[in-house]
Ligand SMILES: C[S@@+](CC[C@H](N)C(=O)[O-])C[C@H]1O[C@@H](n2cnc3c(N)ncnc32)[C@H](O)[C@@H]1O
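Only one chain is shown below, in structure tokens, and it's the form predicted alone.
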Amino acid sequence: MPTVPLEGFHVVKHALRFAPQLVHDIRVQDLDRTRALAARLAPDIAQELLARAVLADVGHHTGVEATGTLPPPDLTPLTRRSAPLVLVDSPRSPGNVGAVIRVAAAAGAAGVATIGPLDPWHPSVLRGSAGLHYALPVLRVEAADLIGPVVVLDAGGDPAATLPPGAVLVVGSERDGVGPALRARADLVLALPMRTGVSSLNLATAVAAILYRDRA
């Protein structure tokens, strides 16, 4: 099975919390420092982390790294869901996609999917999500794979509209927005109300605002 580097305490912490069977080769720079860090920030996984850790040279500043196995693709959110599936159309920034995954996991989204060449399991995306890829399905898809109401988030949309339960919430890159193909498929285009003169929000901030505003 393909593997990915888990770089940093928070990435390893979340992977251990949500998918411990997929975490391997946990390496720590200093056992006492890791013990103190885990006791303060993640006591629920401290015992397992320390029991499985081996001393090694670690590049990350937190002194903790591991190797993660990619989970089998969970395609369920493409066809059956009770919470929104967040779809990022042609993203360019790995960090922004990671931040969206982090927000989606916190808000209880059904999953996060991307369209385009960026690998949503790239190590830079994993760092941006703090390892919360392991808390929900994260997929790369094609537009043809999508089923259900398609809702596009765009500044030109209706600020009074709400996100239907189980919708596909489509967001675009901060530079280009949602592409014309997905705009054409939209059942609804909604916007966040913003103060006059403010033209945009950070991608993850906008996703967070919509998911929490319209959370059932």
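A residue's number is simply how far along the shown sequence it sits, counting from 1. Since this is a predicted model, take the numbers as computed values, not measurements.
The discussion below concerns the form predicted in complex with the named molecule, not included here.
- When you look in the predicted bound form, the only residue of V58, V178, A46, A53 with a non-hydrogen atom within 4.5 Å of the named molecule is V178.
- Just one of L41, L70, A191, I147 comes within 4.5 Å of the named molecule in the predicted bound form, counting any heavy atom, and that one is A191.
- Contact with the named molecule, judged by heavy atoms within 4.5 Å in the predicted bound form, is confined among 160-168, 59-67, 28-36, 147-155 to 147-155.
- By the criterion of a heavy atom within 4.5 Å, L201 is counted among the residues contacting the named molecule in the predicted bound form.
- The named molecule is not shown here, and in the predicted bound form it never comes within 4.5 Å of any heavy atom of A208.
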